[in-house]
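Presented as C-alpha cells, the chain that follows is alone, the form predicted alone.
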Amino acid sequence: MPPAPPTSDSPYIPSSISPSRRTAGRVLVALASLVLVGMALVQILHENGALGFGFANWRPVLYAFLGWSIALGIAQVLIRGEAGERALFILPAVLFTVAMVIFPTLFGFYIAFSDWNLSSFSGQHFNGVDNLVTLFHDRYFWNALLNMVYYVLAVFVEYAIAFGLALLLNAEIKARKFFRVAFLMPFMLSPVAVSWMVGKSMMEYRYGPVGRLMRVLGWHSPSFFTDPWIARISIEAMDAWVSIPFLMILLLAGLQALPREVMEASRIDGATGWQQFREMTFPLMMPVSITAVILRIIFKLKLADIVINTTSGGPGGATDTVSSFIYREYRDRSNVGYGTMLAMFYLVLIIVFVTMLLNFANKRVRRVN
C-alpha cells in the first residue's frame, strides 16, 4: 500500500520509519529544548540576583543553543527519514533567524523591563513596568509620535510628485535617459550627506545659496529651522529630495508594464490625456502605487539621520521623530532600559499599523482586480 500523500495540516512521515525511531527523535528534541530553556532561565535569574548560582558568562547558553541545533537536525532525520535529510538544508536559515532575529527581539524585551543605565554603577535590575509607566507619561515621546503622523502624511505629497515625474519620464521626450539618471541621483546619496550638504550648507540662513535667494525674494531673515512648521517642512523637503526617486522608479516601472495596446486603443477612441489618466492609467497603476506608498511609509517610520544632523529634534521638539528621540535616549542619557522600552513599544505600534495598512491595501487591490 503506497504511503499517504502529505497534507497541509500534518507533515509527511514515511510509514517505513519505526515508531521507536520517531519517539527517539522527539525525545531528543524535547531534552535539548529543555536544557536550552533551563540554562537560559538560570542565567537570566542569576544575572538579576534571583539565584545564587549560575554561569560566569553566557557562553554555556551559546553552547546549549549549538547543541540544540545539532539535536534538531538529528531528530529531523530520525523522525522524517529522507525528508528530514532534505530539511537539513534549511536548518542554517532557521538557526540564523533564531540567532539574529528571534533572540535579539526576546533579549530586547528582557532589557526593556530593566533599569539598565550605562552611567550607573548599580548594574542591571528588573524594574517591572516602571519603564512602561514612564513612557505613557513622557510627553516628549508622544510629541515625537505626533510628528511621525505629519511625516507619514507627507508621503502622499511625495507620491504625487513622484507620479508626475514618472509620467514625464515615461513620455517620449528628448534626452529621456539623461533625465532618468539625473532624477535618480539623489537616491544614491546618503541621508547623512544630504543633511550636511543641503541642511547645513545650502540652507544656512546667512551665507547659504538658498538663504540668499530667499532674501532676494523678500524673506529678510530666512531661517529654515527656527519656526516649528518651517523646520518640519525643511526636514521633509530634504527627506523627500532623497526619497522621491525611489517612488519614481517604482512608478516608472509600473507605467512601462501597462498594456500599450489598451492605451493606444483609448487614444484612437478620442480620449484626452486627462481622461486616459483618470480612467485607465491611475486605476491600472493602483497595485504598484499602493506597494510603493507602503514601502515609503515603512522607510519614513525610520526617519532619524536628517533630523539628528540638522536640528537634533528642535526647535522645541517640533522636528523630532521617534527614532531620533530613542537615539538621544541612548546617546545622551545612556538609558539602555528605557530606550529599549521605547524601541519595543514603537516596534509593536509599527507592526500593528503596517498590518492594518497591508490589509487595507489587499482589499483595495482585490477591488481593482
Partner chain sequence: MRLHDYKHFLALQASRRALLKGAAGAGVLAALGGAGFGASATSALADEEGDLRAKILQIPGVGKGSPTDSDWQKVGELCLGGTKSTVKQGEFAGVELSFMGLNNQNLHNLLFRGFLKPWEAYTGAKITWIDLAQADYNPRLQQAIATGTVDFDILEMGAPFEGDVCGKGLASEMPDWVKKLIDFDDLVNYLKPPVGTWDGKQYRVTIDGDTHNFNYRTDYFKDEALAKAWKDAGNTTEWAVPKTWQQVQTVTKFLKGKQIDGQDAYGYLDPCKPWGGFGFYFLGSRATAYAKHPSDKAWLFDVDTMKPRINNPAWVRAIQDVLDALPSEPADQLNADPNTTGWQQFLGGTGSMCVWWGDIGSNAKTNDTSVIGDKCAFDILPGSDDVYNAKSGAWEKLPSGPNFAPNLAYLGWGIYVMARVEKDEKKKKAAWSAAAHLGGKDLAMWTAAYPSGFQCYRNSQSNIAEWVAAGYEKDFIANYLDSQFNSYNHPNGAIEPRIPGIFQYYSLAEDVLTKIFAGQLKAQEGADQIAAAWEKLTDQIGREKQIALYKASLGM
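Positions refer to the first chain, counted from 1. Remember, predicted model here, so these are calculated numbers, not experimental data.
If you look for the form predicted in complex with its partner chain, you will not find it shown, but the lines that follow are about it.
Proximity of R206 to its partner chain in the model of the complex: non-hydrogen atoms within 4.5 Å are present. When contacts are judged by a 4.5 Å heavy atom cut-off, G38 does not count as touching its partner chain in the model of the complex. In the model of the complex, its partner chain sits beyond 4.5 Å of every heavy atom of V181.
Contact annotation for F113: none of its heavy atoms lies within 4.5 Å of its partner chain in the model of the complex. Partner contacts here mean any heavy atom within 4.5 Å of its partner chain in the model of the complex, and among 272-280, 246-254, 161-169, 197-205 they occur only in 197-205. Taking W241, F299, F109, Y140 one by one, only a single residue has any non-hydrogen atom within 4.5 Å of its partner chain in the model of the complex, and it is Y140. Along 328-355, residues R328, Y330, R331, D332, R333, S334, N335 each place a heavy atom within 4.5 Å of its partner chain in the model of the complex.
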